[in-house]
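Just the one chain here, laid out as structure tokens, in the form predicted alone.
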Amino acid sequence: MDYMNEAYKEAKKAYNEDEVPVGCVIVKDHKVIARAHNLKEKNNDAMGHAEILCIKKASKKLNDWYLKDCEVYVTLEPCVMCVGALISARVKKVYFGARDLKAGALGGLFNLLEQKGLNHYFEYEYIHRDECGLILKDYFKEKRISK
């Protein structure tokens, strides 16, 4: 299964709901255990990022906040808040499909994991996927046009 494609499906849901199109899935033992997309606008919640919502769902599914054997696939490079949540959840690895040069905290703007003394570090990999960046460009282009 192409897990990034599953995350992209979530991003398309966000797009269709007029949310910033970011999607996320969490995988354990080669099975998707949680999926989510941005819901900041709908929920009026600054923490309504796809990664945060997905972590909550995975924790509920596993009945444990400790996601050490889980991999995260997200369409956009996580921000500081989301990287902090991924550290706290003790995830194994994060894959992301588009760089975020304005807010990315895994190398886009800066790399939070380069900080010494964190209580957990996870592996990460940027797997460039054109569609992950294009859906964001299209979304913001439409927003500019509608103003």
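Just count from 1 along the sequence shown to find any residue number. This is a predicted model, so every value here is computed, not measured.
This next part talks about the form predicted together with another copy of the chain, which is not shown.
Contact with another copy of the chain in the model of the complex holds for all three of 46, 59 and 85, each having a heavy atom within 4.5 Å. Here is the short version: of 99, 93, 40, 28, the single residue with a heavy atom within 4.5 Å of another copy of the chain in the model of the complex is 40. The closest non-hydrogen atom of residue 34 lies beyond 4.5 Å of another copy of the chain in the model of the complex. Among heavy atoms of residue 69, none comes within 4.5 Å of another copy of the chain in the model of the complex. Using a 4.5 angstroms threshold between heavy atoms, residue 52 counts as touching another copy of the chain in the model of the complex. Interface membership of residue 106, defined by any non-hydrogen atom within 4.5 Å of another copy of the chain in the model of the complex, is ruled out. If you take 87-120 and check each residue for a heavy atom within 4.5 Å of another copy of the chain in the model of the complex, you get 88, 89, 102, 109, 110, 112, 115, 116, 117, 118, in sequence order.
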